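To begin, one chain is listed below as structure tokens, in the form predicted on its own.
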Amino acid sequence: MTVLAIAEHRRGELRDVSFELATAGRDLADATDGDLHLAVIGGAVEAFVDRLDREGVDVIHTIDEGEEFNHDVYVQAVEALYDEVEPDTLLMPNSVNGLDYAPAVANRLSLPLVTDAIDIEHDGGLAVTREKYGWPPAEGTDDTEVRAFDADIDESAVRSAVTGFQEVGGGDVDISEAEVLVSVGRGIEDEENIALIEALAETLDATLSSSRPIVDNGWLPKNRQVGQSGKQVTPEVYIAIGISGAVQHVAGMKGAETIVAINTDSNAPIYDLADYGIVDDLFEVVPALIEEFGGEPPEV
């Protein structure tokens, strides 16, 4: 079996999902005595190759087209490379960019599309598991072949243009670097109650983050938002308070090592993901936690 995976980069850096795809692709190729091909589209392709050729990849295809992600370019490039390589399986990242172009690629190639995959097995047929965790980075070799590929992009069919890159929210806090996140959702009810969650974050020496409704309400800035339209985070501990666990939010925090959920609804989707859950009123639980860890809960 030949497997083709598409790497992802942003602002000159390979994203972790590239190495997760290498892990998945290598495992699948090994299970079928096949080869793993990986494509890098645009950006600093040569610099990316220096990292990727150690990730268990047999062939890397470099497509020198643009610096940042462009939907039309990616769709054409992946389609052209698919026709060239003729893979049995095509792997694309389950990211904001990947979910942008993967459906278009699947449509143009008449391929079935499965999103949110966390495991792939081949035992006479392809079986895909959709769950909550990703793959660890791959450990590979140094004998990867590198091939430059001319995708012959039709510029007249490129109907969009990249005019720049805007970091989500900006600000003085990067929640993607935090080791402990205390995240608040719509269960907090009112803006003035966020002070309670801030107090817990301060007591735990953690960083405050939130789900999208909190940002949409203007209660916290955009740089605090976790999710597909916010930031992807991988802290050691993620405490979700008053967060139901919608798929858009889960996509941004499912890589946390330990997830603790506090929600009155025992059927909330967040509990399918959580390692520990407290089914109770957050206005009772959070003050108790603050006191337990030596803090002083504010009056709300």
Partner chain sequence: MVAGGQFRPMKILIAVTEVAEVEDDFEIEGLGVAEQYLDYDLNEWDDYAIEEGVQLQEAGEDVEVVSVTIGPERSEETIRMGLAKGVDRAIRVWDDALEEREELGVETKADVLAAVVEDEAPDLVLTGVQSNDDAFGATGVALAEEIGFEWAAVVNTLDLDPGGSVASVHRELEGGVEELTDVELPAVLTIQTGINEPRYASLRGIRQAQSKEIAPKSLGDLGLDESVTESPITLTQLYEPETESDATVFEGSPDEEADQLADLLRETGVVEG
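Numbering follows the first chain given and starts at 1. Just so we're clear, the structure is a prediction, and the values are computed from it rather than from any experiment.
The same protein also exists as the form predicted together with its partner chain; that form is not shown, yet it is the one meant from here on.
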Tell me the stretch among 38 to 46, 59 to 67, 22 to 30, 260 to 268 that has any heavy atom within 4.5 angstroms of its partner chain in the predicted complex. 260 to 268
Pick from 179, 83, 154, 150: which has a non-hydrogen atom within 4.5 Å of its partner chain in the predicted complex? 179
In the predicted complex, does residue 72 have a heavy atom within 4.5 Å of its partner chain? yes
So in the predicted complex, is its partner chain close enough to residue 121 to count as touching (4.5 Å, heavy atoms)? no
Give a yes or no for residue 280: in the predicted complex, does one of its heavy atoms lie within 4.5 Å of a heavy atom belonging to its partner chain? yes
Answer for residue 239 alone: is it within 4.5 Å of its partner chain in the predicted complex, judged on heavy atom distances? yes
Within 4.5 Å of its partner chain in the predicted complex, which residues of 82 to 113 have a heavy atom? Give them in sequence order, or say none. 95, 96, 97, 99, 100, 103, 104, 107, 108, 112, 113
